[in-house]
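Given next, in C-alpha cells, is a single chain: the form predicted on its own.
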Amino acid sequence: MLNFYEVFYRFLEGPHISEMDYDLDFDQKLRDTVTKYGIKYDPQNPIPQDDQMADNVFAAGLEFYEKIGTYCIDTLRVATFTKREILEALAEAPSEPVFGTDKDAKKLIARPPESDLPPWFFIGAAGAAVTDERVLAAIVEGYGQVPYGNSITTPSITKINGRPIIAKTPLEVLGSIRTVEVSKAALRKAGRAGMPIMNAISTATSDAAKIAGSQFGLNPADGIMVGSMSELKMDFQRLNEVAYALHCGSNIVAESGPLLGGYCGGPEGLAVANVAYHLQSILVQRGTVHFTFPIHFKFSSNTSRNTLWSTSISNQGISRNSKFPLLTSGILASGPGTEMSFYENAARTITTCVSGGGILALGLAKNVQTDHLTPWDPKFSVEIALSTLGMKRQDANEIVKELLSKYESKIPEAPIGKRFQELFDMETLEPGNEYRELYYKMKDEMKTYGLKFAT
C-alpha cells in the first residue's frame, strides 16, 4: 500500500481544480458510473437479495474512486490512485484489528451477508450533545453496562465549569480533556475499564483539541475517529489527525457520511459513493475500520426506505469484496421514549446486520437534541441484532417492510422524544416505569414479526 507521505504529496502536487468544478465532476462521473453498471433502486425490496447487483455496486465504487479521487480543500488539488494502487490497498488493509485492552480486548472482523457471526457492537451517542459532565458520566456508565457491548462512542459536553464551550479556544481543549477523563472513569465504574472509546473525543472540533485530549486517558487500542468531508474531501486538520494517530500507533476509525439528495444523487449513487468512501478510508484516512452513516439530506436521518436500500446493497457489496471491517450507524428521525424510535431502530439494525455490517447501536433524534439518548436504546439494538444471526435476506426484507409501514410516513414530522433525565433515574441508571413498559411492549411486538430473543 502507498505510504502516508506519498498520499499527502499527491494533495500537494496533484491536479489543480476549483472545489465547484470537483463537485460537478463528482456528480457527472457518479451518474455515468451508475448507468454503466446498471444499478437500479428497487423500493419494494429495502434489503436486496441480488449478489450480482451487490458485486456491481462494489465494482462501480472502485471505478468511480479511481476516476474522481479525494479532494483537499486546503490545496485545491486532487489525490488520485490507480486501480492497481487501490487493489493493493484492499489486499493489505487491516482485517482483524484489535480494539480495547485486557479482558475487554477483542478482534473486529468483517462479516459476510447472512452471517451467523455476531456483529461488532459499537454502543453509544454518535457524539450527540449532553448538558454537562454529570449527564455524560451517567450515560457512559450506562453504555458500559449494555450486554455484549464491544466499544462505545461518547457524547459531547456543551459546558465546562458551568460555562459554554467555545470552539477553537482553550475551552474546547479543556472540554475535550474532561470528556476523556470523565468517560474513562465512568467505564471503570461500570466494570469495563478496558472497553475502547472508538470515537476519540466527540467534544473536539479541531485537530488540536482532539490530539490534546487523547493524551489524557486514551490509548492506541481505543480509536481516533478521523472523518471525511462530503463528498470525498479532506483538509489539513483531518490529515493532521491521521499523521498523529499513525505516529502513536493508534487505531483509526475512518468515518464517512455520504448524502442522499446531494451530489450523490439518488439511492443508486449513494450506494456507489459509500463504496468509494470505503476505499478512501483505507488509502487516505488510513483506517483500522471503516465507519459510515449514509444519510438523507432532507430528513437528517437514515431510516427511510431509500437510505436503507443504499446501505444494504453497499454493505453487501463491500462485505463480499473486502476484508476491511465495516461499521454502519443508524441515525433515527425520532427520539427516545417513542414507539417510532423502536421501529426505526429495529429496521436499521436488521438491514445493517443481515447485509454484512457491524452496528453503531444508538437511539436519538437526528443527532441534534441535547440529552436525547439513553443506554437502553443501544441495548435494544443489540437484542435485535442477535436475533438476526443467520437470517436470510429475503426473510429480513419482509420484516423491514413491515416495520417501514409503521413509521416511514411519519419521518418528516417525527417526534423528538424525551431527555435521558425524563426517562431514567440519574443515580440508579434504571428506566422509569413509562420507558420500561414501552421497551418490553415493543420487544414483545418484535416477536410477532418472527424475531427470537434469548430472554
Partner chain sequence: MSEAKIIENLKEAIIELDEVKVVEAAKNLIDQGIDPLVAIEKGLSAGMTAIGDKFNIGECFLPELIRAGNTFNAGIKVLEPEIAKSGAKQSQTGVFVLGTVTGDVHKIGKEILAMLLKTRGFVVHDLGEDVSLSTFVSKAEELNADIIGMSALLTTTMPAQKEVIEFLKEKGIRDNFRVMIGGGPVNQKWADEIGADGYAETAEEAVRLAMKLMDTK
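Residue numbers count along the first chain shown, from 1. Just so it is clear, the model here is predicted, and its values are computed rather than measured.
Only in words, not in the display: the form predicted together with its partner chain, which the text now covers.
- Proximity to its partner chain in the predicted complex, taken as a non-hydrogen atom within 4.5 angstroms, holds for one residue of 87, 248, 117, 368, which is 368.
- Exactly one listed residue, out of 194, 220, 227, 261, brings a non-hydrogen atom to within 4.5 Å of its partner chain in the predicted complex: 261.
- Residues placing heavy atoms within 4.5 Å of its partner chain in the predicted complex fall in a single listed stretch, namely 165 to 173, out of 348 to 356, 165 to 173, 104 to 112, 146 to 154.
- Against its partner chain in the predicted complex, the set 24, 28 and 231 is in full contact: each member has a heavy atom within 4.5 Å.
- By the criterion of a heavy atom within 4.5 Å, residue 266 is counted among the residues contacting its partner chain in the predicted complex.
- Interface residue remark: residue 129 is counted as part of the site for its partner chain in the predicted complex, having a heavy atom within 4.5 Å.
- In the predicted complex, residue 216 stays away from its partner chain, with no heavy atom inside 4.5 Å.
- Contact check for residue 298: a heavy atom falls within 4.5 Å of its partner chain in the predicted complex.
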